[in-house]
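Have a look below at one chain only, the form predicted alone, in structure tokens format.
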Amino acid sequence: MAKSLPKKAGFSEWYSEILLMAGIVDVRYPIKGLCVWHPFGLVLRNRVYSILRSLLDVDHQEALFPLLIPETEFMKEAEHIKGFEEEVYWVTKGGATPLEVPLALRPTSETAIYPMFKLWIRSHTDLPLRVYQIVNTFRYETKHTRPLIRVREITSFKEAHTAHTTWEDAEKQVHEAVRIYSEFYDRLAIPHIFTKRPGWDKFPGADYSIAVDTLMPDGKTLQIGTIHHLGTNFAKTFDIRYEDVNGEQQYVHQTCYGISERCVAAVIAVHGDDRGLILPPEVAPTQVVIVSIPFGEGKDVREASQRVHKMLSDERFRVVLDDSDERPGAKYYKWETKGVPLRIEIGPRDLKSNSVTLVRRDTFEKTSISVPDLVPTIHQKLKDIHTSLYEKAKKSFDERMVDCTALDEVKTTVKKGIAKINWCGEEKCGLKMEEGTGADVLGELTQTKKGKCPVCGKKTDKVVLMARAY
């Protein structure tokens, strides 16, 4: 008998089991914090990242930089290194021979990319420069690891790096990165919010950092992207200059922004239910499954199922025909677990009326559709499913974001969601807010609201989000 999936209300157990049962990743690799992608999970991951690539390829160029970073380059930016020094893996031998210069496995690639920027950038005509790569990165995570969320090998880290003539041009790129990330998560039907991270939590070496977060079923937030304005900090360290229109040497102004496979974790966690995955149609490895229910008229039903399969394949739907000898209920369970958006059932009764039964994974709504009407109906149903997934997720997100005026209210709110509260902007007050609630200050919103700082009582219109974060 197939193992049953735990209820999603117990999110941690549900999440661990669905990754295994749906064939996303296998955590049994003999190194903690490293996972193996199953074929099904890898297809899902690749389809998610194909959206990201399509958005970046408009004006970015994809590149690929080495995994190994010489210690001499890695140690140049003091603030940056301080932020990563406890997380770096070091290669110290080549075979049995000690290396003259130890090599870091990239935790992120600023110190690998910027020595090359110094060589590539000569003139203002070389700017703006926008490149990105999707690579594995390594961080010695000492906290409790969790697949796709907190790992020691990030297998698909998308990091973009840009260089500009002025601080203001770089800031325009920050706004463009916000737009790209927002469109990306809209296409995944994931509700999200952007905040400017407080100074004590910004990216090491950045002028400022912006993060995008979503809300998980257990009430914790998941940071699913970051955007950093680097100013000239790294340019000065790596001597990245350009010749301006007057023939004078100037430092470039830079940005960087990243997304990891947490974006896949968000799709799994936000949309799934007690029966398994519910995948947005654009990224579902299988969009439609045809379940043949032959009974006594096996040959005719199978032939009809094959004809429908060919028709949908010709229309470029990602469709699978399941005409195995398993019982219909077992087939339904299998494909529901994998989150296939639409199921087509074909049995003797459907055969007689030249129709099929169409079942939505998100609502389990059943509709009888004539075969000639099937293609346009599927197109519309897939659009409807995406809209429905987003609306349901957004409603849950909005209901769990609560305006608060006192820290006691924050403590209650963050048990299930996100608290919005005023803050004076002083770091000492922000740290006391964290200490007094057991929650993190995620960052400052662009929206304002008149109120008082809950620590010092100072009048302010700054608003921050607080939550328990992964």
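Start at 1 with the first residue shown and count on from there. Just so we're clear, the structure is a prediction, and the values are computed from it rather than from any experiment.
The form predicted together with a small molecule exists for this protein as well; it is not shown, and the discussion that follows is about that form.
- Of the candidate stretches 138-146, 329-337, 369-377, 312-320, only 138-146 has residues whose heavy atoms lie within 4.5 Å of the small molecule in the model of the complex.
- Comment: the small molecule is not present in this chain, but in the model of the complex one of T286, T237, T195, T226 has a heavy atom within 4.5 Å of it, namely T226.
- Among P294, G205, G258, G272, the residue placing a heavy atom within 4.5 Å of the small molecule in the model of the complex is G258.
- In the model of the complex, Q173 stays away from the small molecule, with no heavy atom inside 4.5 Å.
- N233 falls outside the set of residues with a heavy atom inside 4.5 Å of the small molecule in the model of the complex.
- In the model of the complex, no heavy atom of S355 sits within 4.5 Å of the small molecule.
- The closest heavy atom approach of V151 to the small molecule in the model of the complex falls within 4.5 Å.
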